[in-house]
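As structure tokens, one chain now follows by itself in the form predicted on its own.
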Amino acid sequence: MSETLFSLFQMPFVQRMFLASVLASISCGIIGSFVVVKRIVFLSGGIAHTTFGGIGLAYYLQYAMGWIWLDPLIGALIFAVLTAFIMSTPFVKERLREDSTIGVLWVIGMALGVMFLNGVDRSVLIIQDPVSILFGNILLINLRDIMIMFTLVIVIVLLTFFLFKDLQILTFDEEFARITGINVSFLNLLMLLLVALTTVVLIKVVGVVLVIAMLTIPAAISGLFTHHLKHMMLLAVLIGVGTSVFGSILSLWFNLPPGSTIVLVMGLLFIIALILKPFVPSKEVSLVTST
């Protein structure tokens, strides 16, 4: 078995798979911690599902306009960023409840994706199987995908590093952030944009439908054992790397769907962590004041 695994690691597509797992885990560990603590999981799910429309649009433009350069991840990024802007626009926020806005954008994005993909003649243009778009297939990641993911992760890390304290205050007490002079509207928009970027990074690993799982489960597990935000992020990254790599190995070994296997491994670890939580002493530390 060890020799077989070693031989698998020599294959370029497997190496890309593990590199993608690490990149995805970095982004989901950092931004997922904000998402879990700020309790915007449903909002993140809305952004994730609208990206299906962007993926479908990219494929349709490749077919109809000959824009082969328009990578599906770029289409997903456009829709994710556009959704973040719409959700944070005062015009929309003043007229609709947030959950209503999310629901409307969620279904519109999914419907557009179906319509665009249906308009592509698959005898002319080879497109990714819609099932793998929805549930992920990390084995299909190519070098261009890795470059896009790497660029997005760098942007996520840099923005979080330079604006960490303001984002931390916003996450735990928006009213206090407003009183201290922080531009709350801008930071809320930035938070959604970071979620949008992270969503695009995760799509190739676990797919549109399962993005919300990878975005929240590692952070939720780490939140059981630490109340220090930076430690929570670091632990979430490590959990993400470990579970995604282990899930990928299981999917290769037993010929299972990679995205679903990764999420199930994360879910199993969450259940174990929940059971072990009462037996693990933790020091209560303020998330807001601890840096």
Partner chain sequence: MVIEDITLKIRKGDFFGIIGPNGGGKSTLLKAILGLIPVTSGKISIFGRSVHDARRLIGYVPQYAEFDKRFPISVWDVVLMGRRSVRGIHPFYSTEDKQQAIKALQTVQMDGFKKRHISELSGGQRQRVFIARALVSHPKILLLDEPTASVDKEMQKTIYDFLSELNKTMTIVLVTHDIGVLSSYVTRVSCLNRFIFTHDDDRVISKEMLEAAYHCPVDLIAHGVPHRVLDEHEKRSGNGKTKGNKR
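Positions refer to the first chain, counted from 1. Just so it is clear, the structure is predicted and the values come from calculations on it, not from any experiment.
If you look for the form predicted together with the partner chain, you will not find it shown, but the lines that follow are about it.
This chain is displayed alone, yet in the model of the complex one of 172, 150, 85, 106 has a heavy atom within 4.5 Å of the partner chain; that residue is 172. Contact with the partner chain in the model of the complex, judged by any heavy atom within 4.5 Å, is made by just one of 144, 165, 122, 95: 165. Picking from 173-181, 205-213, 86-94, 107-115 the stretch near the partner chain in the model of the complex, with a 4.5 Å limit on heavy atoms, gives 173-181. Relative to the partner chain in the model of the complex, residues 37, 227 and 232 are all within 4.5 Å by at least one heavy atom.
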